[in-house]
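One protein chain, two forms: both are listed below as C-alpha cells, the first as structure 1 and the second as structure 2.
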Structure 1
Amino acid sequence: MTDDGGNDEARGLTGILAQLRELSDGDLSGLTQALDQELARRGTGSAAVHANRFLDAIIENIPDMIFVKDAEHLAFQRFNRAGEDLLGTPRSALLGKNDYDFFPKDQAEFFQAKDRNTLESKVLLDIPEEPIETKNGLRWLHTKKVPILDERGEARYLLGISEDITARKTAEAALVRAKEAAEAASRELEAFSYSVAHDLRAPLRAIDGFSQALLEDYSGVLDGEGREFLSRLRLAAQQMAQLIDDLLNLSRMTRSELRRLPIDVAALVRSSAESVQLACPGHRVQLVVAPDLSVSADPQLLRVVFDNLLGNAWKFTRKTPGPRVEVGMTSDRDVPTLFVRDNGAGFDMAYVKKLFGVFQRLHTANEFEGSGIGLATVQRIVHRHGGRIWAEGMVGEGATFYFTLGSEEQST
C-alpha cells in the first residue's frame, strides 16, 4: 500500500504513538481523544476511504469469487457478490469465520493446506481444478491463491480468486463420454465389417463353387436352360460378393485416418488409369492429363477417388467412338478444383442429385454394370477432405466430375 491513503494512515498512527509516549504516566484521556479524532478523520472521506470504496466496487463486480483471509486464522475478511452467488451463502455469514465453519472437514483441510502453503512460499498458487461443496451442489473451481505481504515481507493476507468452471467440466465430461461411445461404436462397426467380410462371402463361394461343380460334372443331365440358370446363379453370387467388397470399402473410407501429403496428381492419375485399363482390356481410351497438377490430400484416398472416377469414365465411354478422358484443374470461386471429363454416355441433369447416393444408379445393369457405391465412396472421401463434389453432364455428350479437396482445418 503505497498510495496516499497508506501515507495518511502512517502519519496518523505516528502521531498517536507520539502521544502514547507523552502520556505514559497514566492519563489516558488524551489518548482516547486523539484516537477518536483520528477515527473521525478517517471516517469522513479521506483518500484511504475513497481508495477502499474504489477497490470494493471493483471487487464486488468481478464475475469470479474473490475472498481475502487473514494469514493468522484464515478467517474471511472480504468476500464479493460472485462468491455469495457461487456458495449460496451471504457474506455476513462468512466474514470472520473460516473454512471449517462451512465445508466438510476433508475439504476444509484441503483448502487450508493450500492457503498455508501459499502463505509460507509467498508465491502465487494456481489450482487448475478443485471441487467445492456448496448450497447449490458440487461446483468445480479454478482457483488462484495470492499471498499479500506487508512492508516487512511477511504474509499478512491471502487473496483468493476462483473461477467457476463447472459448466466447462460438465461439457468436457460429456465430450469424453461421447468420444468413448463413438469409439465403442466404431469398434463394433469394425467387428461387424470384419464379420461381414468373412462370413457373408463364405456362402457365396459355396453357391458359386457348387453351381460350377454342377456345370462341370452334371452338364450331361442338364439341358441348355438348366445350365443357363446355373450360370445366372454364379453371376448373382459374384455380383453380391462385389457388392459386399464395395460396401466394406465405403465404410473403410469413412474410418481410416486421413493423412495429407503433397501429391503429384498427374502421376497418380496415370497409375490409376493403368490399373483401370487393365480391367478393361480391348477398350482403348485417349487420356489427357494436365501437367504439373499438385494438391495436398491423402494419397491412398485420392487414389480411390481416381480409381472410381476413371473407372466410370472408362466404363461409360465403352460405346463411344473415339473415347477420350481428360483430367485437369480449374477454379471454382477461386477454389482450385480438379475435374475428370469424359465424352461417354453422360447423364440427364434432372437426376444429378441421385448420382452420389449409395445404391443409386442411372443405368440398368444391362446397359452398364455397377453397384452404385463408387460415387458415394468418392463423395465421402471428398467430404472428409472438407471439399465438395458436383457433376455436369448431358445424355450422349459425356460427363464432367468436379471436386475440391478443402484444407487441413476442414478435414475430418
Structure 2
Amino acid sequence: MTDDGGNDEARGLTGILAQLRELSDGDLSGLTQALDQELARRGTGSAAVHANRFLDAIIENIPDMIFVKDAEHLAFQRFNRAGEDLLGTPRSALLGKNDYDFFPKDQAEFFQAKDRNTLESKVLLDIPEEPIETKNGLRWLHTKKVPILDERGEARYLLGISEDITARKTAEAALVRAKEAAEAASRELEAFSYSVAHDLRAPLRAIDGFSQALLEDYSGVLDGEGREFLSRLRLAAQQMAQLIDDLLNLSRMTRSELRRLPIDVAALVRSSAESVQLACPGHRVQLVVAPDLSVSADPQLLRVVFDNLLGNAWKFTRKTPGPRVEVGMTSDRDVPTLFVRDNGAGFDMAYVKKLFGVFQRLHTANEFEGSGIGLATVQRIVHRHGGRIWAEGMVGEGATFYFTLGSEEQST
C-alpha cells in the first residue's frame, strides 16, 4: 500500500471515530455503513495489515479512552493508551477480561447493564456523567457506547469512547461549595448588620428624645450656645437613625424576592415624583416623562430605583435656576435603556467610579444632604434584574443616569 493509501486509511478511520463522538441517539445506520465500507476497502493480505497498523496508530493517539468489547461476554477486545493511563491498568491485564475483574460489583453491574441495553436496542447510548473507580482514584467520565453490527444486523461488538471530565466535575463542585459558603457568610453578615442596626436605634431615640426634652423644659436655663449644642446633637442622632434605616433598606434589597411584571414606567415615575415633591415643597421642578414607557421588572424594587434617582435629581437641582428633570428611554447596544437626566450640580467624571459605592459622596453634607447609600441601593436592584447602570455628568451641567433591567433569565 502506498503512502497515499495509508493516508486514506487514516482519514477513513478518523472519520468513523468522529462520527461516534457526534452521533445522536437512534442513528447508527451511517456509522455501520461506514464501518462496512472501511472493512471492505481494506481487502486482504498486506493491505489489511497496513490498515490495521493505521487503525492502531489512530486509536492510540485519541486523547479519550477507546475500548471494544465482544457482544457475547462483554470482554475487552481492544483498548488504547489513554484508557490505560486513565484506569492505571496495562491493557495486557485488561484484554480478555470483563468489568467484574476490575471494578466493584455495583459499578461492574452498572457498566454491563448499560452495555446490554446498548446491544439490545442497537442505538447509541450517551452517559453524560459516569463515576468509575480506578487505581488513580475516583474519576468521572462522559461515555458514548454504540453497537457494531454484522451484515445480518446483529450486534457483534460494543464500541465505546469515554472523555475524562473529572477536572470539570471537581471545578463545578468547588464552585458550588464556594457559592454556598459565600451565601452563608452573606446571611450571617446581614443578620449581624440587622441586629446591630436594631440595637443602635434604641439609644439613638433616647439621645434625640432627651435632647428634645432639655430644649423644651430647660430652654430658660440654657444660654444660646447650649441650645445650639443640643440642636446639633439632635440633628446628629437623627442623621444616624436615617443612616441605619438606609443600611437596612440596602440589605433588604438583596434578600427580598424579585417578581417581574409588566410596568407602566411613566405612571410609576409620576407617582414617585409626587412623593419626592411632597418631601421638597419649596422646590418646584419641571418633570418631563416620555410617553408609552413600559418594562418588565419588580414593581416595588423599580419604585425604589426611581425614588432614589428622582430624589437625587430634585436635591441636586435645588440651586439651579429653571430646574428640569427628564425621564425617557434610549438604547445601549440594542438593549432598551431607561435614563433620568437633570440640569443640576452635576459631577466630575474623574470620580464616576465612586458614585455607586456605599458611603461614597461627591458633595459635602453641607452642600447637599444624604447618607451616600441611595445609589448603592439602586445599583444593587439593577444588578438583581440582570442589568447594568452607569452615569454621565459635568460639573454645573447636570447628570444623567442610565440603566438596563436585563431579562427574566438574568434576574437573581
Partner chain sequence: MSDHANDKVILLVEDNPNDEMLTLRALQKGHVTNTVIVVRDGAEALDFLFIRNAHAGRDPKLTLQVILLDLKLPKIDGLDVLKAIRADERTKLLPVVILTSSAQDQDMVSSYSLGANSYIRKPVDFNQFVEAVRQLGLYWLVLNQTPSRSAG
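Here the structure is a predicted model, which means the values were calculated and not measured. Note that the rigid core is defined as the largest set of C-alphas that superpose within 1.5 Å between two forms. Along the sequence of structure 1, residues get numbers from 1 upward.
Enquirer: May I ask which of the two structures is the form predicted in complex with the partner chain?
Expert: Looking at both, the form predicted in complex with the partner chain is number 1.
Enquirer: Which entry in Ile263, Leu200, Val340, Ala236 lies on the hinge of the chain, given the rigid parts move between structures 1 and 2?
Expert: This hinge corresponds to Leu200.
Enquirer: Quick one: degrees of rotation for the smaller rigid part between structures 1 and 2, relative to the bigger part?
Expert: So the smaller rigid part is rotated by 18 degrees.
Enquirer: Quick one: how many Å does the C-alpha of Ser195 shift between structures 1 and 2 once the rigid core is superposed?
Expert: For Ser195, the C-alpha ends up 3.3 Å from its position in the other form.
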